[in-house]
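Taking the form predicted on its own, here's one chain by itself in structure tokens.
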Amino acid sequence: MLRQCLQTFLRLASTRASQAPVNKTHKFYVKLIGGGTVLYQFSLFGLGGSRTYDMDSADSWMAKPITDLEYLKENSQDMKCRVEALIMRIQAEFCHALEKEEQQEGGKKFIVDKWDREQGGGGITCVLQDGTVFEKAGVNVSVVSGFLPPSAMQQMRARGKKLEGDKVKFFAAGVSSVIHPKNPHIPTVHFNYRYFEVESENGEKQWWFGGGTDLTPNFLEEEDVVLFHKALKKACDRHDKQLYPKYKKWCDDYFHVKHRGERRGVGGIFFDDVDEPSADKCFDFVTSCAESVIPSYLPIVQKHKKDTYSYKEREWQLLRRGRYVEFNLIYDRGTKFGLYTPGARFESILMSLPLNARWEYMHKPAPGSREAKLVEVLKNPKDWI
């Protein structure tokens, strides 16, 4: 079918087909070009090509999946299995990319900690700590199931979820990461992409996706922030050009350290409860976003990892990390859900916290300083592109 379509286009437009692999995911793009103009372009990813690729990448995963691999392959059309294979791949690709940067400087490798949850499921926590480039880097996969605790049900009902009965089954799978680099000139990055299913006592099922990627610099390098946002916008625009501005604003609003009157960082994208237009299209969108993490962040790491920095800049970095801790422990919905879930693995939930942080009484940056410039943007978010 695909070959026939290509041949038809070639005959009608006297075109040539050019093929190029994209990044390191071996996804295949095909463009039909006539007279130097792109007449038609599509991605095998859009035709479902990545579904088998996620499974086929198993040899590179950081550990065996939570669910038996053969079961994942035999049930590759089940969304739960598709999501698990996706997050395993994303975890591995990101860990390998970070390890490459770290080991180029004679640093460490990730420790891989696979764990089981007595109530159902488990996870794989990968941590690189006290490295040369990364002071603390965590990339976590979790695939858990069971019954929702009352606190989680209350949170979901407050968001408009209709949950009938007191015993509601749930399935949750996601990949989450927080990277705290050693050099103050490299920003912290966070991303999380997840899938949720719930089943009420009456048998009614609901599902949704959520996630996002955001950047938290210590010093404002606008060129870096623009690069970061452009990569996220590109991922969103592949699906709907209305998504980036909508989810960028949601990110600014969500990562608000209210008692400080500041955002945690310079934003990115954030979304939750996404269940339209279809499960397949939502999955494809989340895949695009997850795959945009490396091109949005690694160039910034490579640019700054050898920058020199002063003791004063290091102190400022630690103060900003204190703000990061405040948001995560006081406001973050994912942290709260994890801590209140029976059988929660606290070490994995709290991997987002930095190795070192600092608080000073009534600290204010000097007017006109680089530190003050950053705080101004955190208090008044702006559009970067």
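What you see is a predicted model; the values in this text were computed from it and never measured. Each residue number is its position in the shown sequence, starting from 1.
Keep in mind that the form predicted in complex with a further copy of the same chain is not shown, yet the notes after this line are about it.
Colleague: So, in the model of the complex, is residue 153 in contact with a further copy of the same chain at a 4.5 angstroms heavy atom limit?
Modeller: Taking the distances in the model of the complex, the answer for residue 153 is no, it never comes within 4.5 Å of a further copy of the same chain.
Colleague: Answer for residue 163 alone: is it within 4.5 Å of a further copy of the same chain in the model of the complex, judged on heavy atom distances?
Modeller: Contact with a further copy of the same chain, no.
Colleague: Residue 192 versus a further copy of the same chain, in the model of the complex: is there a non-hydrogen atom within 4.5 Å?
Modeller: Result no; residue 192 lies far from a further copy of the same chain in the model of the complex.
Colleague: Is there a non-hydrogen atom of residue 127 within 4.5 angstroms of a non-hydrogen atom of a further copy of the same chain in the model of the complex?
Modeller: Yes, residue 127 lies within 4.5 Å of a further copy of the same chain in the model of the complex.
Colleague: Out of the stretches listed (200-208, 235-243, 254-262, 288-296), which one is close to a further copy of the same chain in the model of the complex, meaning heavy atoms within 4.5 Å?
Modeller: Looking at the other structure, the answer is 254-262.
Colleague: For the spot marked by 74, 274 and 337, is every residue within 4.5 Å of a further copy of the same chain in the model of the complex through some heavy atom?
Modeller: Looking in the model of the complex, the three residues 74, 274 and 337 all stay beyond 4.5 Å of a further copy of the same chain (heavy atoms).
Colleague: Relative to a further copy of the same chain in the model of the complex, which residues of 365-385 have a heavy atom no more than 4.5 Å away?
Modeller: Read in sequence order, no residue approaches a further copy of the same chain (within 4.5 Å, in the model of the complex).
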